[in-house]
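The chain below stands alone, shown as C-alpha cells; this is the form predicted alone.
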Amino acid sequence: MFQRQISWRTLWRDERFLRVFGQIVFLLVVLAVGRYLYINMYRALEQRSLLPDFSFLNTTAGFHIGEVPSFLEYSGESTNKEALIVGLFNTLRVSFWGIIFATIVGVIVGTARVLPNPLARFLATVYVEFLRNVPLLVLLVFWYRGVFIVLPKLTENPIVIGRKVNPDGTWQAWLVLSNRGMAMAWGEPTEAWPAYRLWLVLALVAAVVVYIGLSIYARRTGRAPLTLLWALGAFLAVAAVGWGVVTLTHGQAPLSLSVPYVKRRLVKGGIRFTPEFLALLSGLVLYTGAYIAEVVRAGLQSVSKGQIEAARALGLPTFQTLRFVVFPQALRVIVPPLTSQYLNLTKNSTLAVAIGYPDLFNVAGTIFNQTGRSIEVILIIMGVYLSFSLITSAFMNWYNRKIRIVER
C-alpha cells in the first residue's frame, strides 16, 4: 500500500505522464467548446427553420456564369451543384497555372538577386520590394481596371499578331488582345484525336521509363544526366511518331489549327481568355512570384561559398554550378516555405470576387444570396479549400522527403 502511494505521488512528476495528461485535457476542452458552439448554432437555426439541408444543390441556379470551361455544359437552367462545379474548375485552372508561372518567375528573380551582375540584382530587388509591399487586392484591381479593361476595342485598333483580312470583311490573326480579353490560335480535336490519345499515353509511359532508368543510372554511377530533358525528349519523339502514323492512317491530323477571326465586335475560333481571368492570373503570378523569389534567394544563399568555390575550381561554368551544386542543396531549404506560398496562392484566388471572375468563392456567394443557406455554402467552401491545401501539402511533403539528406 505504501509503495502504491509513492508511485501515484511520483506520477505527477513524470514528464511523459504530464505530456499525455495535458493533451487529453486540451482535447476535452476543445470538444466541450465545440459542442457548446454546435448546440448554440443548431438552436439558432432551428428557431429560424434553417436547419442544415443540402437539397438546395439540386434546385435550379437561375443565374448565368460568364466563364464556363469548354468541357462543361452550363446554363441558367442548370442546378446549383453544376454551378459550383463550374466555379471549382475555374479555381483549379487559375490556381494550377498560377503556381506554374509564379514558380518560374520566382526562380528567375530569386536567382537574379544572387548573381554577380549588379543591374540584374538591382532590377530583381526593385521588383521584389515593390510587389511585396503592394496589397494583392489593389494589384488585382489595377491589372483589371488599369490594364486589361482599357485596352483598345475590337472595332478600333486592338493588339494583333499575324493579321489577315478576309474578302467578307472579317479578319483573323494568330493573337488578338483587346478589352474583350485575349484570343489566340489553338488546336481543335478532329475525328483522329481519339486514336492519337493512345499514342500520348504511350509517350507518357516512355517518358516515365526513361526518367526512372536515368535516375537509377545516376545513383549507380554518380553521374547526373539531364533526366527531365531526356524524358521530355522521349515523350516528344513518341508523340511525333504517333502524329505521323495517325495522320497517315486516318487521312487527317489529330488536331486542326483554329485561328481566331473577328467580325465586328465578336471573336470566334481559337482559344479565348477573359479580362477577368487574365487580370487574376497576372496579379497572382506577380505577387506570389515576389515571395517565391525571396524563398529562392534565401535557399541559394544558405549554400556555403566553399561549395561554389569548389565547383569553380573543378572548372564548372555558372549554369552547371547552379544545377549540380547549388540548387540540389538549396532545394532542401526552399521546398518547405514554398509549400506555404502555393497554399497562399490558391487561397488568395478568392479575391477574384473583386474583379468579377467566377471562381468557386464567387459562385458560392451568389448561391448563398439566392438560397440563404449560409452554413451549408460555407461548409462546402471550407471543405474544398481544405482539400486543396491537404493535397498540395501532401505532394510537397513527399517531394521534400525525396530530396532531403539521409544521414547514415
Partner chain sequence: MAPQTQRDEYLPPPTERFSLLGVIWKNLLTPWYNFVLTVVSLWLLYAILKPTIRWALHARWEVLPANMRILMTGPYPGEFLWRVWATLWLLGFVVGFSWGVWVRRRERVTWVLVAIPILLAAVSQGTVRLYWLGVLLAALIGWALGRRLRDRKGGLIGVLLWVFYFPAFVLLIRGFGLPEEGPAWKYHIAVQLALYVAALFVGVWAAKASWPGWIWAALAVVGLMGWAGPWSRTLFIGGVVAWLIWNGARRYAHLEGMKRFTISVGLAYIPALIFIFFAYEPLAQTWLSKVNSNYWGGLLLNLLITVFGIMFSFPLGVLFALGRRSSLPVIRLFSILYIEFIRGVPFITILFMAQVMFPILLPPEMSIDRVVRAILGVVMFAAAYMAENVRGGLQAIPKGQYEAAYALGLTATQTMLLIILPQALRNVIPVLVGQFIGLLKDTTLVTIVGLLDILGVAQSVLSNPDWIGTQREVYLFVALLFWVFSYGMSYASRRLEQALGVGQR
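Throughout, rigid core stands for the largest set of C-alpha atoms superposing within 1.5 Å between the two forms. In this text, all values refer to a predicted model and were calculated from it rather than measured experimentally. Positions refer to the first chain, counted from 1.
One more form of this protein should be noted, the form predicted in complex with the partner chain, which is absent from this view; the next part is about it.
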For the partner chain in the predicted complex, the stretch among 131-139, 165-173, 194-202, 330-338 with residues bearing a heavy atom within 4.5 Å is 131-139
Picking from Arg220, Lys268, Arg265, Arg145, the single residue whose non-hydrogen atoms come within 4.5 angstroms of the partner chain in the predicted complex is Arg145
Only one of Asn117, Ser302, Ser215, Thr249 has a non-hydrogen atom within 4.5 angstroms of the partner chain in the predicted complex; which is it? Asn117
Joint contact, Ala102, Gln320 and Val325 to the partner chain in the predicted complex, by non-hydrogen atom at 4.5 Å: no
Would Val150 show up as a contact with the partner chain in the predicted complex if we use heavy atoms at 4.5 Å? yes
Any of the heavy atoms of His64 lying within 4.5 Å of the partner chain in the predicted complex? no
Does the partner chain come within 4.5 Å of any heavy atom of Tyr342 in the predicted complex? no
Using a 4.5 Å heavy atom cut-off, state whether Arg19 contacts the partner chain in the predicted complex. yes
Would you mind checking 16-52 for residues with a heavy atom within 4.5 Å of the partner chain in the predicted complex? Arg19, Gln23, Phe26, Leu27, Val30, Tyr36, Leu37, Asn40, Met41, Ala44, Leu45, Arg48
On a rigid core superposition, would Arg35 pass a 2 Å threshold for CA movement between this form and the one not shown? yes
By the 2 angstroms cut-off, has the C-alpha of Ala44 moved between this form and the one not shown once the rigid core is superposed? yes
Once the core is aligned, please say if the CA of Phe26 is shifted by at least 2 angstroms between this form and the one not shown. yes
